[in-house]
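Included below are structure tokens for two forms of one protein chain, each presented in isolation as structure 1 and structure 2.
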Structure 1
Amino acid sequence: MRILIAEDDNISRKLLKTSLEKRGYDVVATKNGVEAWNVLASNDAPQLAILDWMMPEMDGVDVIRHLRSAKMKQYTYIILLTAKGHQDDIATGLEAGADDYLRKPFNAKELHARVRVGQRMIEIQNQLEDHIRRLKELDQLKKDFLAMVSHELRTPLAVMKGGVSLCLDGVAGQLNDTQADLLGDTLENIDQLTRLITDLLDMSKIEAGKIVLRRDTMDLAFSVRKALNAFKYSAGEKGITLKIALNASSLPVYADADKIDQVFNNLISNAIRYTPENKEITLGVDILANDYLCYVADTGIGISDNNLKKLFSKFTQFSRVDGPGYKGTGIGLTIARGLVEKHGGKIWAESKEGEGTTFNFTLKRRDRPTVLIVDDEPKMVDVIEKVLSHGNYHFLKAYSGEEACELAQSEMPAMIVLDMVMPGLDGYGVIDKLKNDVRTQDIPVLILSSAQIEPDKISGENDAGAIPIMTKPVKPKKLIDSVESLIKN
């Protein structure tokens, strides 16, 4: 096993190196934190490091913080070597990311014991990462298989539907009443299977992060009225009354109209299925301080507390009350949740058995695209906002990488203007974190930085070629045009 040592004192460094090499370890000895960081940032970095706290230029704790905030392929177990014995000092080192510590002057037996603990932890970590990788591969195979089968079933179903429809239209000859009834049932089941396949494809796209929102200013009130008209006939067949509860005739929101229609359709279809005859269902939108609260409230049989907890779980099947009854596929509500969360909203259900169920979801009350500006210099943030203020945008501001990720995940902006050099989590870390989250991975990013960009650190399909890069200072018109283009596309 290779071990990295970072110690600026020659005697201590030689003692550490000699003691470890006698036990058969391959030791890489460095004289300061900068040398240590260069080794740890390399492709063949050791997985165990012993770092002295007090070193010139970059101390051991600084090295640890850089390491923990950087994107590394493997975990590095770190033992902090320190002459500081106060509990607060030890806590500072551990909070920075050290796994263990060793006080100076060190004892050889204690050194080897702590290194052996590190070895065991590294072995466990490597095994865990290997299991996670295999599980991800299996999960991806399952998703690919599901998407492939669903896609391939569409063509034969379309042919079957076409043939049955021609027969019902009399193109293939006159049908008697029994034949027409049988073919009518067949066509109805083909349509049901087609809807199921469409749901499976949508679900696989959501899970793979391939659902791309095409947002624009839409009218939420129009979407509610449209949904009511779409389900008037099916509700009327059961004697169910559909009602609308709106606080305004127009409710502008910046969202994907087709996806919001799909959410309403899934929730209303679900409500009609579980609402008895001659009852009512209400579609409504309440205006909150920062959100629209959309809801579909039925007066059906309700959902038991036990089933309410697993309502949005994929493929979870149950009737609304314990015992026999219609069991849903568990797909429609999963899709609705995915689409709402993709918009940065939340979805949940409230229910009382025998009284009915209300499905609620929220959407941000914004009628224009949101631009998230990220820079650790407040003046620079203000300058960018002023340059873009002539556009029809809402602005969010973040002054650190950590704050940027939190805002992006909670607010789902239309795009991000990102500085790359920031303390703590830098721009590379922000891109990596957001692009590995299915909710935020398709948010466009515009890099605006004075530093030289390193393409190798922006890996995968979201490499530097896919992310526009501008160097500070930037011409205002060029920035305005780039932001507008990214949002439109």
Structure 2
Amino acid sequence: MRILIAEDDNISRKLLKTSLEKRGYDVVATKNGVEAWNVLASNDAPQLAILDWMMPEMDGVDVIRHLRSAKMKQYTYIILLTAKGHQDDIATGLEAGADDYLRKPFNAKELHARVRVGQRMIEIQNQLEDHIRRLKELDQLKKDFLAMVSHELRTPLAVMKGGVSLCLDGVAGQLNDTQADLLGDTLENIDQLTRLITDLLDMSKIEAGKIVLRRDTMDLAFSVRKALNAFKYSAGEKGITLKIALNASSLPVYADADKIDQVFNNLISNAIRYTPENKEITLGVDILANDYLCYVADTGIGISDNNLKKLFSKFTQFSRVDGPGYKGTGIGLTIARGLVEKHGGKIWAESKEGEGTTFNFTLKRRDRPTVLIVDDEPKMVDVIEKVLSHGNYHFLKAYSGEEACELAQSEMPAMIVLDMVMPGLDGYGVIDKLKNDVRTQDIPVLILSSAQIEPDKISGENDAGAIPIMTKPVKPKKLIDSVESLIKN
């Protein structure tokens, strides 16, 4: 194994070097902090370093601080050499990021013991990294596979569906009853398979954070009425009555209408499937202070408390019910949850076994896109709000990076205007946090800063350069235009 040593004192350095080399280590010896830093910052840096604290210019702790704040690909295990003996000093070194320390003058036995501890840690670290890398590869493989499969399966399905439909429509000649019946069943099964593939693809998209919402001002009341009409027939076949409970004729909300329809569809098809004949199901929306509470309440078999907890995980199914109709795969609710959360809402179920289940989900009661303004300077927040107030937006304000992340995660704004220089979690940290969360990773961000921006420090492997940057003082017209185009993307 290769070990880096940094020691300005010639005698100590030689001692360290020969002692380590005697044990078979490959030693890279440096005379000061700058040299050590150059080695550590290189592509093929040793994984273990022994740094003297007291060195001219850049001392050992400086090197450690530098190293820990830079985003290195590999972790370097660092043993700090110190002649100082105060407890306080050791604490400072460890806080700065040293893993271990060794007091001068040291004896060879202790040196080797400490190096071996480091070696063990490095081995564990390497194993972990290996596992993580393999898991990531597998995950990617799974996603690629799903996307590929769903594409390759659709073409033959389209051919089958087209051919069978042509026959059923009599285009290829008159069919007798048995033929029509058999082809009818075939078509139904082709549709099931198609739906299953669409669901699988949707789920893989949700897991990868790839669901793109096309939000606009829509009418929730209209969605509910549309859902009722869509399911009237299949409910009627089971003798189930579908009821609507709406408090207003129109309920404007800023959301993706197709995705909201999909949520209702998944919940209602479940309700029908798990409700016995001749009972009823109610679809409704309650108006709360800040949210719409949408619900689908059935009078069916219910779900036990134990199962309620696992309900929204993928491929969970508690009761395969017999009888006609499409048998599910247990991903309907996983998709519903993904879609609701992407909108900044919550979804949950309440149930009593034998009496029925109510699925609830919330949507923010806003009919306009939300802009989150982040700046530690309250005055600046007000100025930005004022500039943007002519646009049709709803505003949320955060005065620190921490607050910004919390609001972004709970409210899912349509875009964020972000200051970079803030005490505590700064703009870079905010971007880093948001881009590493699949739910928030594609909320557009507009950087608004008076300081020089360091593009290298902006995280997001894909396209860091894609984050637009504006410098203060900003021209109102430019800000308004950017915000608008980012929301419309």
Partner chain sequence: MPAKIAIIEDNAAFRKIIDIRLKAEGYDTVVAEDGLTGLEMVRNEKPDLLITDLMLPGIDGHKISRMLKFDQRYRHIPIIMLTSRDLEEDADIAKQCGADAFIVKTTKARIVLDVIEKLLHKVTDFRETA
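Values in this document were obtained by computation on a predicted structure and should not be read as measured data. Think of the rigid core as the biggest set of C-alphas that the two forms share within 1.5 Å after superposition. Residues are numbered by position in structure 1's sequence, first residue being 1.
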### Query
Does structure 1 or structure 2 depict the form predicted in complex with its partner chain?
2
### Task
Please check if residue 283 moves between the two structures, taking a CA shift of 2 Å or more relative to the superposed core as movement.
no
### Task
Determine, after fitting the two forms on their core, whether residue 178 shows a C-alpha shift of 2 Å or more between the two structures.
yes
### Message
Please determine whether the C-alpha atom of residue 21 is displaced by 2 Å or more between the two structures following superposition on the rigid core.
### Response
yes
### Summary
Once the two forms are overlaid on the core, the CA atom of residue 45 shifts between the two structures, in angstrom, by 9.8
#### Entry: between the two structures, how far the Cα of residue 121 shifts once the core is aligned, in Å
7.0
